[in-house]
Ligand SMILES: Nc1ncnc2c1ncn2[C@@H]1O[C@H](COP(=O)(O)OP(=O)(O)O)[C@@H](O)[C@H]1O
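Take a look at this single chain, the form predicted on its own, given in structure tokens.
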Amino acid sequence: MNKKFDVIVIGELNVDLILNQIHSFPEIGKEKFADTMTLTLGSSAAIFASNLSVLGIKVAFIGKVGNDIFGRFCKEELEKKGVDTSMILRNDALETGATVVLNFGEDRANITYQGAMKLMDVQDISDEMLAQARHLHFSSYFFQPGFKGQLNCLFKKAKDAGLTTSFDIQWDPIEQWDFDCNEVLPFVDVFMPNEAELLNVTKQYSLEKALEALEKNAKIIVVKRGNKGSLLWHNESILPCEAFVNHEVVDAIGAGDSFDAGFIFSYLQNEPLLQCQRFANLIGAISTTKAGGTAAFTYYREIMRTAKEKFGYEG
């Protein structure tokens, strides 16, 4: 059955104000300089949606913003990359979220004002919305408290409607990791944490133990490990995949979200899981060649040119 969209992305929407080439770490009561500044589309979910759309997938976004300049900016930036924004919820009484990003090499420090994203919940997602797509991706659980204790209901609703599903849990800013994987993962086809997130959410001290803790309920787990590549768990097997290393990283903002986009792009085309994983590593690496999470993704041919010239990727 043909669907209007390949993927519906549900998640947070905010802008990123990115400060690069910072002279030294900020100190209370002191002023520091940054040599460059970028205002760009932020949020894990939006970066994923934008980059997946540029790769050639039909993507729609469901999120909540204020009727303000940042909300309009997010909507316009998604539309520039071909993402359908007709299901984005706008509220005059709310403000769109924003993140200030301080970059240090391949790492960063962030401060986020959640704004409207705090108030979206499962009741905002109708069966009619989900019926328009063949895959659902959800990102940033801890940034969206409206989904607390309800995320399993959203994924179950998607599975009942015949969608495949993916989930990137993202970091918990208050570091309590109050999340029941066993309640949600039975309805998730691809779980996509990074290594630190996986260890924290399972409360384990090794990747092997963390994966063992989830094996009864998980289907596919792909673990992002930065410049160490990734691990894929499926049917009790753990498969490593080497990174495509960028020796001239501009910043790593959105690299994990771009990894997700690369994986789901291949997954929706029924590629073997190892190919999905390898292409995900590539797309994550390409993200680090430009500032912000989306600047490296303009159109598919240019992405593949970068893949060949910078990383020796031949497909």
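Everything numeric in this text was worked out from a predicted model, so none of it was measured. Numbers for residues come from their place in the sequence shown, where the first is 1.
One more form of this protein exists, namely the form predicted in complex with the named molecule; it is left out here, but the text below deals with it.
Novice: Which residue among Ala255, Leu41, Ile62, Leu55 has a heavy atom within 4.5 angstroms of the named molecule in the predicted bound form?
Specialist: Here the answer is residue option Ala255.
Novice: With the named molecule left out of view, choose which of Asn152, Thr165, Thr202, Asn227 has a non-hydrogen atom within 4.5 angstroms of it in the predicted bound form.
Specialist: Contact with the named molecule in the predicted bound form is made by Asn227 alone.
Novice: Just to confirm the contact call: exactly one of 264-272, 242-250, 65-73, 46-54 touches the named molecule in the predicted bound form at a 4.5 Å heavy atom cutoff, so which is it?
Specialist: Every other range fails; the passing one is 242-250.
Novice: Are any of the heavy atoms in Lys159 no more than 4.5 Å from a heavy atom of the named molecule in the predicted bound form?
Specialist: Lys159 lies outside the contact set for the named molecule.
Novice: Can you check whether Gln114 is within 4.5 Å of the named molecule in the predicted bound form, heavy atom basis?
Specialist: Close contact is absent here: in the predicted bound form, Gln114 is far from the named molecule, nothing within 4.5 Å, heavy atoms only.
Novice: Going by a heavy atom distance of 4.5 Å, is Arg108 a contact of the named molecule in the predicted bound form?
Specialist: The answer is yes: Arg108 has a heavy atom within 4.5 Å of the named molecule.
Novice: Heavy atom to heavy atom, is Gln132 within 4.5 Å of the named molecule in the predicted bound form?
Specialist: No, Gln132 stays farther than 4.5 Å from the named molecule in the predicted bound form.
Novice: Counting only heavy atoms, which residues in 287-314 are within 4.5 Å of the named molecule in the predicted bound form?
Specialist: Contacting residue: only Thr288.
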